[in-house]
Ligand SMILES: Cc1ncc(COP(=O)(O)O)c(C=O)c1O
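Only one chain is shown below, in structure tokens, and it's the form predicted alone.
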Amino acid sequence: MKHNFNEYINRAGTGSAKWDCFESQYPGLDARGCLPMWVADMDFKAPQAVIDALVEKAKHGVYGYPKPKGVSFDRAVQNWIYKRHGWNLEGKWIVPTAGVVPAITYAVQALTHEGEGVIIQPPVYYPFKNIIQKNKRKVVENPLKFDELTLTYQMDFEDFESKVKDPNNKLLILCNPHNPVGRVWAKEDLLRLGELCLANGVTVFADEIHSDLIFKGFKHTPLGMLDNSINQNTITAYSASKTFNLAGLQTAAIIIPNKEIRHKYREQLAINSAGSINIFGTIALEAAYNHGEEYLADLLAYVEANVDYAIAYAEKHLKGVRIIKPQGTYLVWIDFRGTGLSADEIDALIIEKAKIAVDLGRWFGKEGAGFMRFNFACHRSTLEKALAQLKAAIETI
């Protein structure tokens, strides 16, 4: 392994959201002194090629308005997506934005009206629901089904079909791979979902920001490459931010093959005065996509080893705790219901006794009660410390 992910980097006091301001996320709980394993950024340096490209630009000393996306941006995105997933993108489909969450907001605004329904599949990334509510749309939930034997989540297609057939529901926000449960959706599930949306006039926004982070034995399938009809009904979001730890540079590539949808989307960007992007973000994305394959291979091996280590540790030392091995993402969904504690007691156990700052399961919807999302994109020493603190806390039950 060429990249040293065991190198400890002290992020405290660096203006990091993950490390410097997490206490306010837990009202009613004493989070002082917690070990941060929550928000989805990594404790690793970005690839050296990215660092070098940013330093070179910084040395120039002039940071004026950047030009609109150029050929180099399009080619970096096109080549990366084709190499990773086999999807041939046309340059005109690619719309840059300042991150995926803003991109979802623009889609909700452009493609739905106040009072209309937007479908989500909880437990799911909580900004989805926040965006829908803040834009005065209706949150329509199609909860995933949890198989207690296989520890996997499935889509509830019977319920999903009833939701897409409601003419008031206009948009689905799909999370693939799914955050927080780590499911990489199978091609068959995606095809069924895409066909149901197409037949009922529901546009799909596919958040595929974690699509590079796929573990051995699984394959990511972009919804938009399944067939031409589904392609024309899908907006897909990609970013180098999760894969290469570039979230603070807030740059994403939004793929919109449908000309009419793309026009509506660009009009919404203009309404929101959101047409330009960070000059450093585009440079970082291009460097990462052009030179980041070896880094990603090493990263996946390191994170999957962290996951396997934690699962073995839990089986031996963490009574009542089940770690759901993710098929993708570095985010790990952990089931604490076997401890016999209530959801409130579990929250207090993790935050106040184990002293680990994580994403509380209920943030992702009521279906997440009793679960917690941990971020395993950290140094092995951080993970070992967290597991030891968790073991000590559980022994007090």
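This structure is a prediction, so every number in the text was calculated from the model and none was measured. Numbers follow the displayed sequence, beginning with 1.
Below: the form predicted together with the ligand, not depicted.
- For Pro102, a non-hydrogen atom is located within 4.5 Å of the ligand in the predicted complex, even though that partner is not displayed.
- Taking the partner from elsewhere, Leu213 is found to have every heavy atom lying beyond 4.5 Å of the ligand in the predicted complex.
- Heavy atoms of Ile209 reach within 4.5 Å of the ligand in the predicted complex, making it an interface residue.
- Of the heavy atoms in Lys242, some are within 4.5 Å of the ligand in the predicted complex.
- For the options Ile334, Ala40, Leu360, Cys34, the residue carrying a heavy atom within 4.5 angstroms of the ligand in the predicted complex is Ala40.
- A heavy atom within 4.5 Å of the ligand in the predicted complex is found for exactly one of Leu318, Cys175, Ala110, Ile323: Cys175.
- Heavy atoms within 4.5 Å of the ligand in the predicted complex are found in one stretch of 77-85, 227-235, 94-102, 303-311, which is 94-102.
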